[in-house]
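Single chain ahead, by itself, as C-alpha cells, in the form predicted on its own.
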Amino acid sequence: MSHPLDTTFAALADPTRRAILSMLLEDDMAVTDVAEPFEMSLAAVSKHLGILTKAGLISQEKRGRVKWCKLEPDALKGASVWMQGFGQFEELDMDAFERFLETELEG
C-alpha cells in the first residue's frame, strides 16, 4: 500500500492538476468552470479532479445538479511536515504556494 505522501506528490506532479489547485485558491468552482480553460475533454478534467480528490487536496460535492470543487489546503500539511524534516524548508506558506503555482502556469 502506498504512503499518503506518495499520493500527494503524485497529484502535484502534473501541471494540469497544479493549475486546477491554483484556480481553486480563489474560490470554490463548478467542475464545468474548472474544465473551461483547458484544451481537453470534460472527462479528462474529471480524471484529474478524481486524482486530486483521492489525494485529499480537493473535495467535491453536488449542489443541485452541479458538482463543485473546493480546495483542501490542510491536505498539504503532511508534505510540508515531511519537507521540514530536512531542515531546509520553511513551514508551508499558502501565499508563497499560490505565487509558485502562478509562476508555473506562466512558464
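Keep in mind it's a predicted model, so treat the numbers as computed, not measured. In this text, residue numbers run from 1 along the sequence as written.
Keep in mind that the form predicted together with the DNA is missing from the display, and what follows is about it.
S.K.: Against the DNA in the predicted complex, would Ile51 count as a contact residue? Criterion: heavy atoms within 4.5 Å.
M.R.: Although the DNA is absent here, Ile51 would touch it in the predicted complex, with heavy atoms inside 4.5 Å.
S.K.: Flag Lys67 as yes or no: does it have a non-hydrogen atom within 4.5 angstroms of any non-hydrogen atom of the DNA in the predicted complex?
M.R.: Lys67: yes, in contact with the DNA in the predicted complex.
S.K.: I'd like to know if Lys77 sits close to the DNA in the predicted complex, meaning any non-hydrogen atom pair within 4.5 angstroms.
M.R.: Taking the distances in the predicted complex, the answer for Lys77 is no, it never comes within 4.5 Å of the DNA.
S.K.: Tell me, yes or no, whether Ser59 is in contact with the DNA in the predicted complex, where a contact means a heavy atom of each within 4.5 Å.
M.R.: Close contact is absent here: in the predicted complex, Ser59 is far from the DNA, nothing within 4.5 Å, heavy atoms only.
S.K.: Taking the DNA in the predicted complex, would Arg17, Ala30 and Glu39 all count as contacting it (heavy atom within 4.5 Å)?
M.R.: Every listed residue reaches the DNA in the predicted complex, so yes.
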